[in-house]
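The chain that follows stands alone, in the form predicted alone, written as structure tokens.
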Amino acid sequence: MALMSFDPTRAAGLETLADFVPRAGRAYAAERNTDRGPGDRANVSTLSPWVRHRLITEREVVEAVLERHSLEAAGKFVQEVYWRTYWKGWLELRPSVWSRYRSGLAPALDGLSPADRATYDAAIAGRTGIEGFDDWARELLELGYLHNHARMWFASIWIFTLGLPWQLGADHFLRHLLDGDPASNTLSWRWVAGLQTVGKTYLATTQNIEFATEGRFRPTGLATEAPAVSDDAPVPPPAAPPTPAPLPRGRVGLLLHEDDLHAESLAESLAAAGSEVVAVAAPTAGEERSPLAPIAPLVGRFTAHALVDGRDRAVSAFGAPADALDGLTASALIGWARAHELTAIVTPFAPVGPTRDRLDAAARGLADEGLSLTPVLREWDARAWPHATRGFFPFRERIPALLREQGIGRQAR
């Protein structure tokens, strides 16, 4: 069977969604944990690269699935979509966890002994000699994608068998995954390490890997214990969730970024607020995801083409001219605003991560010039994020109500 590939367009994402919908019910629940390798992903959706950039939105995905299946039948898949929403909300309420992870990367790399550095280099290249792990390492480099279970096994072996810092593994994933999401990636690695649910770790075992790969891999020499990683920074209490900001009136520029490329679905709320979109812009490349090294070329190309696709669709939706920006800097945005005589700039809300860091810095420079940069918070996020105050299972209990509140699914009609 041919290896999968990902076309960074909304059209390709919608085609993949339509192909998956018939399998999103009980078949998905029964087979989703099996990793048959990159040549056969029929048991999972593979939608995450498109959802990560919101070429297609979480709402669209769940709506399409619940048009075909009941929530009872498709509950496992709907929960998987909401896991990403939960992680984003959890980090949104605790942004210091992101900044602490980022600031800890350079010390983690510098603190490696020569032997540990050799192990690290072997791990990222797929040369450890550990069956399965090396295959996943190469699959990540070649395709930019891994089955969710493979990600968990990889992280567990990285931390507990190879004894490498979790931060460096998270950084490697974030730079090489097409669906590399700051919240999902960082917090999933923290969970495996025993930091997210304090003291609870994930141990990869030979038996589980052999079973879930249908005998493809049977690694030996894996750690038999997974002591939680120590951390002197307790999980901070949740902050107040973000609330929708009043949208500006007048001549507005719509700024796109890699975290949300479905601007056409914002048209109605912008028009209702009196925001006249007279210009559209997007950067030519995504943000660097790491202070240690650039993103993988595969990820860079995917993101750059996704930005063009999102920008072109926004031009069609709003009938406004488009500009390509050399980065999300204050100077670039000020020049763009002056060229189109903008009174304000709006942008889809960027959750905690590199894009948000860049936009926050740009907003301060814009304010000095009397220009506002207003984030547009989607209803999907605004309703769900306030409930990410504890673990996922209390959050999961809110899913039926969240769907009803938004009129999604058969139970909402």
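All residue numbers refer to positions in the sequence shown, first residue = 1. In this text the structure is predicted, and so the values were computed from the model without any measurement.
FYI, the form predicted together with a small molecule isn't displayed, but the following is about it.
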With the small molecule left out of view, which of 320, 152, 304, 298 would have a heavy atom within 4.5 Å of it in the model of the complex? 152
Listed residue that, although the small molecule is not shown, lies within 4.5 Å of it in the model of the complex (heavy atoms), from 181, 309, 258, 92: 181
May I ask whether 288, 325 and 355 each come within 4.5 Å of the small molecule in the model of the complex, counting any non-hydrogen atom? no
With the small molecule left out here, work out from 117-125, 223-231, 184-192, 209-217 which stretch has heavy atoms within 4.5 Å of it in the model of the complex. 184-192
Close approach of residue 196 to the small molecule in the model of the complex, 4.5 Å, heavy atom: no
Does any part of residue 46 reach within 4.5 Å of the small molecule in the model of the complex? Heavy atoms only, please. yes
Check residue 173 for me: does it contact the small molecule in the model of the complex (non-hydrogen atoms, 4.5 angstroms)? yes
How about residue 366: is it within 4.5 Å of the small molecule in the model of the complex, going by heavy atoms? no
